[in-house]
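The form predicted on its own is given below as one chain in structure tokens.
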Amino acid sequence: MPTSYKVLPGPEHFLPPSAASMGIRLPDPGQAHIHGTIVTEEEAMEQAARQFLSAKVPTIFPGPLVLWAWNEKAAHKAKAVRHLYETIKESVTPSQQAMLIPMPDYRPKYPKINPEIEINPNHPNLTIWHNKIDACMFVGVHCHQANLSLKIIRGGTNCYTIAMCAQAGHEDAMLSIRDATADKILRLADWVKKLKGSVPPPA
């Protein structure tokens, strides 16, 4: 039965519901979702590229699964993430600021973190507020931690969230692509290049 619930930028409220509890389902292989609606992977890639190009502060949050070279696949994916970031940086206007802010581990950062150089996954809204981030992508973040962070972001900020997941995707992201590989990340970079100059920059 189709759901009327949409996974949209917030702020939703202090305790937003889990998108899965509201009827949002994960995409099947070869699919993705936008706002909880199942779409083709290419449609999601195009929309993700448009979000990056139209954002004031498009940001990538790479997690431990791509930050640490624990196997050859992780190293390839890390290079692809860097290429995507450089592509976004070269494709936006001087009034936009592309950022790459790592999430090296999930331990609480107390009493304070520097939100300009690291995202605290337990309080991701602080990094987003501080840097005025309006579109971000999670990649290489373990699913349980990504789900928690995406819910906090949806509840307390108006940031558009994209999740490139190595597994089945994330219901709590506004846009999620599953089975992420280095090749899929490079395809997203190709979409950014393709749409460069055709997406109006932020006002």
Partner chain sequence: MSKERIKIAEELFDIMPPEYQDLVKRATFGNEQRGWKDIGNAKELIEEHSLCAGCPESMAFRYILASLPNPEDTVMVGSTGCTSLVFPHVAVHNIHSLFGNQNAIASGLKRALSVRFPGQVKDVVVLAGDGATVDIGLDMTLQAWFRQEKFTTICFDNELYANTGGQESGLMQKGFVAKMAPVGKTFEKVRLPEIARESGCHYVVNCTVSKPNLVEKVIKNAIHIAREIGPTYLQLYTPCILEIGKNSMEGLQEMRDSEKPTERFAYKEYVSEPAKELLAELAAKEKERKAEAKKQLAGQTA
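Residue numbers count along the first chain shown, from 1. Note that this is a predicted model, so its numbers are computed, not measured.
Quick note: we don't show the form predicted in complex with the partner chain, though the next part is all about it.
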Quiz item: If you check in the predicted complex, do His130, His144 and Leu150 all have a non-hydrogen atom within 4.5 Å of the partner chain?
Solution: no
Quiz item: in the predicted complex, which of the stretches 30-38, 155-163, 169-177, 66-74 has residues with heavy atoms within 4.5 Å of the partner chain?
Solution: 66-74
Quiz item: Does any heavy atom of Gly140 come within 4.5 Å of a heavy atom of the partner chain in the predicted complex?
Solution: no
Practice problem: Verify the contact flag for Glu90: yes if a non-hydrogen atom of it lies within 4.5 Å of a non-hydrogen atom of the partner chain in the predicted complex, no if not. | Solution: no
Quiz item: Taking heavy atoms and a 4.5 Å cut-off, does Lys109 contact the partner chain in the predicted complex?
Solution: yes
Quiz item: Going by a heavy atom distance of 4.5 Å, is Ala98 a contact of the partner chain in the predicted complex?
Solution: no
Quiz prompt | Any residue of 20-47 that, in the predicted complex, places a heavy atom within 4.5 Å of the partner chain | solution = none
